[in-house]
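Next comes just one chain, in structure tokens: the form predicted alone.
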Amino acid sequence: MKEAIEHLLREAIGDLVRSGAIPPVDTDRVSLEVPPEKTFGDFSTNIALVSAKKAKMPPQKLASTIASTLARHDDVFERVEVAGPGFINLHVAPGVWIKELRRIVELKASYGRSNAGRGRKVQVEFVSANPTGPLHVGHGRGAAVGDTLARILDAAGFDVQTEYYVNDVGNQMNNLGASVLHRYRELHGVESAFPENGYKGDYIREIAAELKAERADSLMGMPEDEALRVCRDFAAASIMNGIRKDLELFNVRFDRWFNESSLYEAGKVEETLGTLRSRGLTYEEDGALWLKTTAFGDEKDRVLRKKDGSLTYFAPDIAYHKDKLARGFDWIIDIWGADHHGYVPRMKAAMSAIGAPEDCFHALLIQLVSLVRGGAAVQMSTRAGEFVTLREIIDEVGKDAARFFFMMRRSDAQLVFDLDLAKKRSEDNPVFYIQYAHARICSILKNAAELGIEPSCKEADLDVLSSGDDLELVKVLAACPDVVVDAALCLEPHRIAFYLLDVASAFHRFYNRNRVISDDVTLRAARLVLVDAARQVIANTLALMGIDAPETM
């Protein structure tokens, strides 16, 4: 609806310009907002304010001229008003809202989907936790944000592929192998100092026990390097298997799992370094190989290969993103932890260095999660082993509550996850509140069916819903497609969680004030269509969050 009205507004301005009624106006600046107060209309635009200077007209006069033209579309607008210094407030005619209600019922599970993305190929890479331990709460938030964003982009008409980057190369993997080897030897009665940078969680002991059960004492007489390799590979496989299972339980599935080691095996890291050298973007200094990232806006140049001959993490990261470009993605979205904030400008610089189109890369940062249980914060440290796993959270509060709570704030804002609230079966718990709205509607429809009544757009006179609480609920439901598109284009998946709360609140408010199954046959038939549409919108948007829409609670 928002897009349709924006089109109508541009068309009206174009007609006024062509007729000479107003000077040329930049229609690319046309935008609609939902006013904070219902008295200001359904939509408002400041096009007259932002265009007055170029048009050399007083804002109010320009606004009045545009408003007069729009008001002629009395089939679309109930009234058009000029307010304040030059805002144009648009009151959409009830018939337009009722028409949208019919679309909800007709489109069913497809309502909210659009072609805004026009098939643009997008990759969303998220979680990508090092295979050195189980997923913890922070990873859970990244998983919820990434998966929800991918679902939203798909609904908005993008061609989306999701990917998990497995960092199976580097010192962290060697430290993992050393940690498991130490515990394995302990199981055979050999005591020694624990590795300085080792991982101390109980899961390391469990992996060592699994290794002992499979290999007995065969590693005890094995050369150190070989024993470390066996422990590293065994541990990585065990941990990745657990990560896959946890994500499956969390309703997160990836289209592709990409191993960092494959870049080295295919020679793509050295190939990338060669490309950068051939473009004159690298230089050697103090025995190290540097990339001229300052040429692309970074605060300083970055090392690719250290003077000891080893590569920095930056080198394979560039090769990985070069590989993404080669796969034809138009938009590359990486979801990283907030601690990667300083890494964003250097990666943007690297993307420019390898010839990526401007703005094709975007990093979405996930802020920290503070986990609270019983009013007390739970600290997490992977290496110290003092952490709460994602699996524990799912087991305690359930997949649905976990996913919703992770989405209750913007991804770049810190989040306090209250486990006690997430388990409550009351209106205080937002996910319960939303799911209960869906279940309540299912109960209404079931009761109606027992009376031999089914919701039917063809038989119902929906015009009786053109005012009051009925129309207000219709308006909230009709916002769904616009919310989905805005959430996709702005990369703000939390908007879906906020919208779901709006829908649930609107429905509960409507239900508490009005009877659906009443003696008024005409109103009853129309309201059954209305609540069925509300059920559909709730189910569709819950699906975008990977959350179930239960029929009973």
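Here the structure is a predicted model, which means the values were calculated and not measured. All residue numbers refer to positions in the sequence shown, first residue = 1.
Below, we refer to the form predicted together with the RNA, which is not included among the displayed structures.
The stretch among 157 to 165, 70 to 78, 410 to 418, 97 to 105 whose residues place heavy atoms within 4.5 Å of the RNA in the predicted complex is 410 to 418. Using a 4.5 angstroms threshold between heavy atoms, K61 stays clear of the RNA in the predicted complex. Contact check for A439: a heavy atom falls within 4.5 Å of the RNA in the predicted complex. In the predicted complex, the RNA lies within 4.5 Å of some heavy atom of R515.
A residue is said to contact a partner when one of its heavy atoms sits within 4.5 Å of a partner heavy atom; N89 meets this definition for the RNA in the predicted complex.
Among N115, N241, N447, S110, the residue placing a heavy atom within 4.5 Å of the RNA in the predicted complex is N447. Just one of T294, S456, S467, S443 comes within 4.5 Å of the RNA in the predicted complex, counting any heavy atom, and that one is S443.
By the 4.5 Å heavy atom rule, the three marked residues A83, L368 and F432 all count as contacting the RNA in the predicted complex. Applying a 4.5 Å heavy atom cutoff to the RNA in the predicted complex picks out E33, V34, P35, P36, E37, F40, S44, N46, L49, V50 from 33 to 51, in order along the sequence.
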